[in-house]
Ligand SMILES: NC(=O)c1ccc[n+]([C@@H]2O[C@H](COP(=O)([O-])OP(=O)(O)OC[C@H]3O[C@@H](n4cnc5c(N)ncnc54)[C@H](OP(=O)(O)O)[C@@H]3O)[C@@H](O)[C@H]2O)c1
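Only one chain is shown below, in structure tokens, and it's the form predicted on its own.
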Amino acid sequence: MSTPVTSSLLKGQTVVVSGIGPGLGSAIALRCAANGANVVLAARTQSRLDELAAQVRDLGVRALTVATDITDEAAAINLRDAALAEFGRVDTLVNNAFVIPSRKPFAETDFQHIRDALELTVFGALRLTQLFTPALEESKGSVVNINSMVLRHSQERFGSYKLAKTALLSMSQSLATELGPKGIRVNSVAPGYIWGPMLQSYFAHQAGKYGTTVEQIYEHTASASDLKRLPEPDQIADAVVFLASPMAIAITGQCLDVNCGEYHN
């Protein structure tokens, strides 16, 4: 992950990021911090949060860590209460939590896996949005939901993932309509392949399995995009920063695709 460039685009804001992980979640938190925001970090694993919080504080802003299972109502309420107790305001909620898709055709997909995906990806995001709505109304803030390029295709073995992410997009659009009169903007970011730790590990596994190289797999995958490369976590995170910032003050109900031109919306 590249070193963020410090600016003041989000200076004075408080951003809550759920689903902190080693890839995109961390990049979003660091990019928001680099643009001046105090950050609330939420995920199930406390040790991961503590490590990232130290990096956030090195950028000269404040960080609060709250171990949270967003599928649990009490834990979600605790996240909201802790954020407001620490900072007194919330300007942006970033719903980034997701579950790895089953990668099976619908004919072989366990219904419980689909239920679990909906509970985390859709209901978890809705739960947090409901809880933070009063604070976001006060700050005239925004919600950014992290979606996926799976919205743009119907490839085999992505059905359950597309089902959850399509529901998330529909929910985001309805929330934009419902929360707009309160001054709250709701937008989505749909990344393509993300050239981060998870994809790099997967490409390395595939290279070993098929006797090729990571570079060859990368080149083949990137060839489907207009820019012939894959977006990196920081580049996805920059789209989130933009939607959270005053530069996007008139944008709501939209989905910003960040896939280097692999799909055109």
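In this text, residue numbers run from 1 along the sequence as written. Quick caveat, the model's predicted, so the values are computed rather than measured.
Just so it is clear, the following notes concern the form predicted in complex with this ligand, a form of the same protein that is not shown.
The partner is not drawn, yet in the predicted complex one stretch among 83 to 91, 102 to 110, 169 to 177, 141 to 149 has residues with heavy atoms inside 4.5 Å of this ligand: 141 to 149. Exactly one listed residue, out of S188, S160, N96, T129, brings a non-hydrogen atom to within 4.5 Å of this ligand in the predicted complex: N96. Shown without its partner, this chain lists T45, Q206, S223, Q216 as candidates; in the predicted complex, only T45 has a non-hydrogen atom within 4.5 angstroms of this ligand. When this ligand is considered in the predicted complex, I194 lines it closely, a heavy atom lying within 4.5 Å.
Taking non-hydrogen atoms only, L59 never approaches this ligand to within 4.5 angstroms in the predicted complex. Interface membership of L118, defined by any non-hydrogen atom within 4.5 Å of this ligand in the predicted complex, is ruled out. Under a 4.5 angstroms non-hydrogen atom cutoff, this ligand in the predicted complex has P22 among its neighbouring residues.
Residues T68, D69, I70, T71 are the ones in 58 to 85 with at least one heavy atom within 4.5 Å of this ligand in the predicted complex, listed in sequence order.
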